[in-house]
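Single chain ahead, by itself, as structure tokens, in the form predicted alone.
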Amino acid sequence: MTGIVFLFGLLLGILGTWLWNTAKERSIKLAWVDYLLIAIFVLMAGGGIWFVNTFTEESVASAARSSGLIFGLLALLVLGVTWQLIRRRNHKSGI
């Protein structure tokens, strides 16, 4: 379990650094709501990984699939809403 959490954190750090540099290069403006939604996405994705791994270790495959599907879809929904908010706000300002 610790290895999976470590790999998730490592991947998240690499992705976050890449996104931060891309936002700075293209001068994309982010509001506090964007940071909050990104944090909610990270918590949902991490929670999904945590539950799927826990249920898989306990040999409850149906619960692992269900929790992975629920957390995954919710995380993708939050990510999509965040993406659209950022695009619309920056499109209005001409970036």
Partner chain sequence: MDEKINRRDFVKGAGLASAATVATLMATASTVSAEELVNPGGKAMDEMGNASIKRDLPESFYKRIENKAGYIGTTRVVAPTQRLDAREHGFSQIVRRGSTGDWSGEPGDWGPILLAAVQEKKKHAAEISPLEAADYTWSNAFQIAMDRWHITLEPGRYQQAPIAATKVELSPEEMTARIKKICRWFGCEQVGICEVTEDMKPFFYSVGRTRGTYTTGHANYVDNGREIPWPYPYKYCIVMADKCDTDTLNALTGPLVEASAKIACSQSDFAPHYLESIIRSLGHDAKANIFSDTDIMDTPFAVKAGLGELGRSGLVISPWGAQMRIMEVFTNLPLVPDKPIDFGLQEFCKVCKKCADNCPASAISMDDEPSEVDTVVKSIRWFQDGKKCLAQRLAYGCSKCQGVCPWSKPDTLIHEVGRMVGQNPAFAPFLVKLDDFFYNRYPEGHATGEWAPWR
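Positions refer to the first chain, counted from 1. Keep in mind that this is a model prediction, so the values were computed, not measured.
Keep in mind the form predicted together with its partner chain is missing from the figure; the text below concerns it.
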Three-residue site 50, 67 and 70 fully in contact with its partner chain in the predicted complex at 4.5 Å by heavy atom | yes
So in the predicted complex, does any heavy atom of residue 55 sit within 4.5 Å of its partner chain?
-> yes
Is there a heavy atom of residue 59 lying 4.5 Å or less from a heavy atom of its partner chain in the predicted complex?
-> yes
Please run the contact check for residue 63 against its partner chain in the predicted complex: heavy atoms, 4.5 angstroms, yes or no?
-> yes
Quick one: which residues from 2 to 28 get a non-hydrogen atom within 4.5 Å of its partner chain in the predicted complex?
-> none
